[in-house]
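In structure tokens, one chain follows: the form predicted on its own.
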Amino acid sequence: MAKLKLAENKIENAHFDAKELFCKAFGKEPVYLDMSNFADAEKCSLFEQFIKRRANGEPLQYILGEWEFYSLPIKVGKGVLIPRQDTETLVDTAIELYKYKKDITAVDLCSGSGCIGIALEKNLDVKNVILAEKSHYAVKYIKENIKINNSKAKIEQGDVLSDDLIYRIPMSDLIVSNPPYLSSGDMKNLQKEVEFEPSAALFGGDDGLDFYRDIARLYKAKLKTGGHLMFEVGINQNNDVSNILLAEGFKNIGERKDLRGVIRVVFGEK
């Protein structure tokens, strides 16, 4: 059975993954994960290909081609970071701070699939949303996600640390980012599935903090007084990122935990 093949290859949640891949291949829920019950050879072959890819470690989200983030459908695939539930904490925090604000200009740096910025647009009174991303692979998915979610977000393609892109970013009420934050040590110990994701979206320098330092330094000038710079952070990075924000003159530094109790968001006010 498909579930057994995945389990033998040390795939966590083998039953869930097999069921999702079955639905993708056959377009319906399985009664039993047993291909002998289905006569469509083409769909059976497709299901077998999906199971083989997953058994080899390819992320389920890439095989499905779509994943839910903040109740929104988000297209994903090779070359773009997979949306994760932990990152929803960033959206939760932004909503908490800005739910009574009107006509917000929000910027999502290192936007990836665009999931964060689009979720902000759907849950806040947003006048402008800018999705800044360098990778042309990721921008392809941003365009798809803007379309399927009827978003009016604007894409700014380029290196978020370049003068050219910074110049194109308007004065903003809120700047959020889930930047690359894995250290050199982290990159040597990636889970098999994570190795499929783009290293440029993962590696944040020797200590994992390069993007936090540069974004805090470069984008403070793009925030309105009283505006917030808000980051997703890796495990145990919260103190370092808080200190970076303090060193750049931000005030009212705050933190928020994800559903596992890990401090996942750090933010500061200009």
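Numbers for residues come from their place in the sequence shown, where the first is 1. Bear in mind the structure is a predicted one, so any value in this text is a computation, not a measurement.
From this point on, the text means the form predicted in complex with a small molecule, which you will not see here.
The stretch in contact with the small molecule in the model of the complex, judged by heavy atoms within 4.5 Å, is 79 to 87, chosen from 125 to 133, 79 to 87, 164 to 172, 101 to 109. Heavy atoms of Tyr181 reach within 4.5 Å of the small molecule in the model of the complex, making it an interface residue. The shortest heavy atom separation between Ala201 and the small molecule in the model of the complex is within 4.5 Å.
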